[in-house]
Structure formats: C-alpha cells, structure tokens
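Encoded as structure tokens, the following chain is the form predicted on its own, with no partner shown.
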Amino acid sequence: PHSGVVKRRSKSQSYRRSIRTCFGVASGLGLTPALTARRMNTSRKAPRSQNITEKVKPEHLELLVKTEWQLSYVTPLYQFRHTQLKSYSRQLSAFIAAEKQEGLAVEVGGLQNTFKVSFSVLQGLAETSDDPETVLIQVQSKPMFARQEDPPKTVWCGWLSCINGNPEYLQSLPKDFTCLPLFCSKGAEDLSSLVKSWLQRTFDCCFGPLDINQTTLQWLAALWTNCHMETNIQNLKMIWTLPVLPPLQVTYTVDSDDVLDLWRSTRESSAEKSREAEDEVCIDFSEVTRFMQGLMSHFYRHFRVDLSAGELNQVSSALGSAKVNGKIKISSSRYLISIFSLLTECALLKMPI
C-alpha cells in the first residue's frame, strides 16, 4: 500500500536523523567519529563458571546449548516493544503463511494451519541494566501427513540478544530504538530469510552476516583454555587452512593439560607482573597472541609447517565450537554469558552506524 511506503520512508529518515544527532555528521570518508573510534577490547575478564539455571528456565537452556547457531548482526530496532510480542507473533505468522502461499492475502489473527510463530522473552541473560531482555522467536509447523492430535514441531528458532553491550552506545540511542545486535538462528534458510525480511520491514533494521574472524577465534581458544582450571575442556582442537595448491587443511589437537601448561607459562611470563590482585582475572590480547605463537611454534618444531602462513578456520573444545563462517555451538551453559558477551561486542563492531 502507498501509505505503507510513506511510513517506511518516514521511519528511515527518523533513523538517519537520530544517528546524526547522536554521533555527528559523517566525514568525507563516510565514517562517523563514533565508528572510527570503535575497536575490539584488548583486555577482558577471564570467564568464570556460572550456574545460570537459577536465572534461565530449563527449557530455554535446552534450546541455547548443544545447538549450532548461525550468527548475524542486526541494527537497532525502531519502535520495538517487549510488551507487544503477542501481536508480533500473529503478524509474523500471517506474513510467513502469505509468503509460502506466493503472496495470497492472509488475515492477521486468522487460522494459519501450516506455521505458527511465537515471540517470548528469554529472561536471565541480561547482565547490566542497559541490556534489553533477550527475545526468542520460534516457528512451529505440523508435518504434511501428521495426525490432527499430533503436536506441531519447532522447525525454526532464533533469538535477538544484547549481553554486556557497550553502555555508552546503548545509552546514546534515542528512546524509540531497541538494540539487540546479536541474532542467532537455526533452521531452514528460507524461514531465516522470511523472519529477517519481516523484522526489517516492521522495525526498519538491517541484517548482515557475523563471521567469526581470526581475532575472535584466538580469543575463544584462550578463553576456553583458561576454563580448564575449573572445567575439563578435554582437548583444544584447531583447524587451519594453508594457501597451497591444492589447499591444505591441518587439524591441530592439543591435550588439555598440555595446552593449560602453555597458557599458564604465557601468563606468568607477562610483563605485567606487578599488577594488583583484582587484575589477575583479566586477560590481555598480548597474552592471547603469545599463546597462539607458542602453539604454532610447537607445531613447526615437530612438522616444519608454518601455521602463521594460513588461516585459522575453527576452534573447538568440550565447551563448544566456533567456525569462521559464523557458526557457534555452546556445549556448557556455565560459560554461555562470557562467550555471548564476546559475540555481542563483535556484533556491535560489525554493525554499521
């Protein structure tokens, strides 16, 4: 409808005006001062074991852990309201039904026997007062030849979250914007596209792929190794790709006790030996770099292969796995907050202002 077009344009203009108001006029290079100043933290707290079962419902934890999620970033949502989730469920159900029926009109709130959508608040993951509550989206459907009494099955699941988000950025947003920058999804790609399309049209936001780059993979390798002091990570496994013809893939697996010894020696040799006791729980990226260099040097001594010439594509342990193509699986809920805090930071950095 023509009125819908006007409304969309108005929201887009409001978004651009709000961004200019908050962050200043863009430079000649098309970058705002806030964007050029944003960098990944060079130091972060070491992950500590947390029993979040006291805060998060068991059925929600079952969804979050031991599942491989595809990561995306999403810009702030315009006029999103946590109090309107039931309405969003009806609207998205009708949208998916209409798209699946190739554009035929479907009444909002009518009977959509094929797909049923539910929005819900996933409480217990917000770490600060600035973090909006995580929103869980589930799409259910009945198989074509299912009996009438058979319950529908979840065929797609996704969630929008902000865990330990940058407080300066969150507080600078206008009140009409809700920042949930990390989008995790699993299920059919066509349903992911439909959900993203509806969210973009409804809340004037933009999605983009959130690849897990080399720096983030190195952080995860170090953080998971540090967790071995509390929880057995079994092994640290890394997969590298070397630029030769044909491309060579190297799988490098290190025993947990050996990798922890290397990590401890790296920490002990740090130049910051005089830091105060409370700083001992912090990990600096320079330590992560030395740790990775130690692993690569050890591999070179044994196999005469220089891993630094290649790319790190995957890191995994008993606590989870992460791939450069933006897929991650958390196998233990005890470190979920720490890992998704890192991914929230990555999403905010990848997100264009």
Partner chain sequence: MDNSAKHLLQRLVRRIPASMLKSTLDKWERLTAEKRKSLDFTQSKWIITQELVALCEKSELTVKHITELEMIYITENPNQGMWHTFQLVEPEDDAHSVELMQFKEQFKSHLRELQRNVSVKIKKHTDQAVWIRVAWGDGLSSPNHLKATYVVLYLQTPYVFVNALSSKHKPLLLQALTLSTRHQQIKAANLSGQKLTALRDLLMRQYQQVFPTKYPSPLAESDQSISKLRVEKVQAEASANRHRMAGETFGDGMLPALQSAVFKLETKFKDPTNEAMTQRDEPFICSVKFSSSNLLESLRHCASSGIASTPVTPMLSSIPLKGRNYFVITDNVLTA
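Residue numbers count along the first chain shown, from 1. Computed from a predicted structure; not experimentally measured.
Separately, the form predicted in complex with the partner chain exists; it is not shown, and the next lines address it.
Out of the listed residues 98, 121, 242, 206, 242 is the one that sits within 4.5 Å of the partner chain in the predicted complex by at least one heavy atom. Distance criterion of 4.5 Å from any heavy atom to the partner chain in the predicted complex singles out 248 from the list 282, 188, 248, 173.
Contact with the partner chain in the predicted complex, judged as any non-hydrogen atom within 4.5 angstroms, is confined among 301 to 309, 62 to 70, 314 to 322, 49 to 57 to 301 to 309. When the partner chain is considered in the predicted complex, residue 258 lines it closely, a heavy atom lying within 4.5 Å. Heavy atoms of residue 41 never reach within 4.5 Å of the partner chain in the predicted complex, leaving it off the interface. Residue contact with the partner chain in the predicted complex: residue 136 places no heavy atom within 4.5 Å of it.
The partner chain in the predicted complex is approached by residue 268, whose closest heavy atom lies within 4.5 angstroms of it.
In the predicted complex, no residue of 56 to 86 lies within 4.5 Å of the partner chain by any heavy atom.
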